[in-house]
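In the form predicted alone, a lone chain appears below as structure tokens.
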């Protein structure tokens, strides 16, 4: 079994920031594992501006932000990057198994940082009653379809939930010529950033229905319409308030779930309400020497804050490698 000083799982903004900070803190050997074919994580599909205002003091798109870190990682000979590498096992002793093209590798790490990000909540997790036709997508998947694959998911859309990805996709689809009929939010305020509500909805005259919910999706082969109903303060349907919106696409933007199955596999304590590590401080887990950063630690609003806290994770891992007994306290 090969031995490595520091293994970082996830090559998005969190993983890259942690790797660079660990190197700056004196870690000689860093292995960065990324399951995609490029570094950058979710930023690669976030082609809109608004990134880097705090960290770089200028406005960048997601790929530009990721590209700056990827260039720094490529320049550092102490960081080995393994792309298309999927970690399938992690133990409390910091032993990892991962699949890469043509091989299954097993390594023993001195320290591990999990920067595995989040996955999206789906329609079934809300849930929304009705039939199961084509045309229902998580908002992030639709973002990848439009921005990376070049596919248009439909012609007329309704967005369920007002998370930031959903708001941004409302604008993106409007720019691509789709009719965005409405954004439906069950809470009394939007769950997205105020700037996204203004720039993505108000500037494009897209209706936002607060204290409403989608009570049913109708359609046989393809979505045909959704049924919307107003709710009161207790989220109970208001009688006589239901109406229908014709559409062929429904995007679901109802939150993110940190991907911490590897941490759970290793035996760490997990808060199953949020799927985040139970720990006394940021980036820590209940297993000494295993850290979690970025959206795997908690869901962030801005990538700049992901970078800030992930740099701290890199320094914490370096301190653990230098003095395990001090870091264990």
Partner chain sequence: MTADVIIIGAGVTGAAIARELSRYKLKILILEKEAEAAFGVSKSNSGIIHAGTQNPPSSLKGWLCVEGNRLIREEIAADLGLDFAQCGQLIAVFDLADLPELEIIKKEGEELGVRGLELVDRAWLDLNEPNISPGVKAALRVPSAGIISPYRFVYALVENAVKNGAELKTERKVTGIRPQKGGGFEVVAGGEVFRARFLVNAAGLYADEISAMAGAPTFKITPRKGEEYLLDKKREHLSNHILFPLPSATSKGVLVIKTADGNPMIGPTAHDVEDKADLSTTEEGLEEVLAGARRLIPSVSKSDIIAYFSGLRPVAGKDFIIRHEDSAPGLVNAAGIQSPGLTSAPAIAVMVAGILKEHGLGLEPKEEFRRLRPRPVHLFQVPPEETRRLIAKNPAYGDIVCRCELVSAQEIRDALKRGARTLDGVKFRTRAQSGRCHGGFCTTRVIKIMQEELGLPATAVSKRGRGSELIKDERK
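Bear in mind that the values here come from a model prediction, so they are computed numbers and not experimental data. Positions refer to the first chain, counted from 1.
Same protein, other form: the form predicted together with the partner chain, not shown, and the subject of what follows.
Q: In the predicted complex, do 228, 238 and 300 all reach within 4.5 Å of the partner chain through at least one heavy atom apiece?
A: No.
Q: Out of 188, 132, 195, 92, which one falls within 4.5 Å of the partner chain in the predicted complex, going by heavy atoms?
A: Looking at 188, 132, 195, 92 one by one, just 132 meets the 4.5 Å heavy-atom criterion.
Q: Go through 124, 244, 76, 203 and name the one with a heavy atom inside 4.5 Å of the partner chain in the predicted complex.
A: Contact residue from the list: 124.
Q: Considering non-hydrogen atoms and a 4.5 Å limit, does the partner chain approach residue 56 in the predicted complex?
A: Although the partner chain is absent here, residue 56 would stay clear of it in the predicted complex, with no heavy atoms inside 4.5 Å.
Q: Does at least one non-hydrogen atom of residue 144 fall within 4.5 angstroms of the partner chain in the predicted complex?
A: Looking in the predicted complex, residue contacts with the partner chain include residue 144, since a heavy atom lies within 4.5 Å.
Q: Should residue 234 be classed as touching the partner chain in the predicted complex when contacts are defined as heavy atoms within 4.5 Å?
A: Residue-level check for residue 234: no, no contact with the partner chain.
Q: Does the 4.5 Å heavy atom contact test between residue 154 and the partner chain in the predicted complex come out positive?
A: Residue 154: yes, in contact with the partner chain in the predicted complex.
Q: At 4.5 Å between heavy atoms, only one of the stretches 203 to 211, 67 to 75, 162 to 170, 220 to 228 reaches the partner chain in the predicted complex; which one is it?
A: Going through the listed ranges, the match is 220 to 228.
Q: Given a 4.5 Å distance limit between heavy atoms, list every residue of 87 to 125 close to the partner chain in the predicted complex, or none if there are none.
A: Heavy-atom contacts to the partner chain in the predicted complex: 88, 99, 100, 101, 102, 103, 104, 106, 116, 118, 119, 122, 123, 124.
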